[in-house]
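The form predicted alone is given below as one chain in structure tokens.
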């Protein structure tokens, strides 16, 4: 049974059909990216899978149950483009916020361990204004992992970063993923980012969104930045650009 699945998924907002008859299957521990034109329903799909939106028709399952059930069991972590850190809280208390809000939830990963994982141990007492954009996103990632979810849904988490920081962050994310091997669904507009991170890249069509291509990325792991200089990487980039035309 796939870890994440969607069958005949459709979502409409009034007369606007955002997603139409979409099928999706992701195995446990896979890192899968989604690319596609703006407005094709990538973020809508992520929110349906996370239990934040209800589909108009079709079925969705996370770990064999509903997204809402997975949410209630704290099996889904979210990371968005805006890290949404509380400015009056330091790094440690921002990471710990979900634990404070959900006091009855099962214990997850300790904050100290998360700080080590994301490389912010020396910045635990810093406030968001004292952190770079990349460091703020590391805090957001640590916060998403605080309950040790099995699924991580990421909606353009590096989209607001400058190109250099964005390049660094994708390999930081890979380093962290190698430690935990979460099932990741990652929305991005960057072809290079999708290739560098993923086991598979899903290409969505224009609205109403459907999965029009499923490209396996057969590059060795662990991956470092120099993989982007290889002929195979460039060949994947060309194929994906052609699919997006």
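Just so we're clear, the structure is a prediction, and the values are computed from it rather than from any experiment. Positions refer to the first chain, counted from 1.
One more form of this protein, predicted together with a small molecule, exists but is not displayed; see below.
The candidate stretches are 38-46, 195-203, 215-223, 62-70, and the one lying within 4.5 Å of the small molecule in the predicted complex by heavy atoms is 38-46. In the predicted complex, at least one heavy atom of residue 16 sits within 4.5 Å of the small molecule. The small molecule is not shown here, but in the predicted complex it comes within 4.5 Å of a heavy atom of residue 207.
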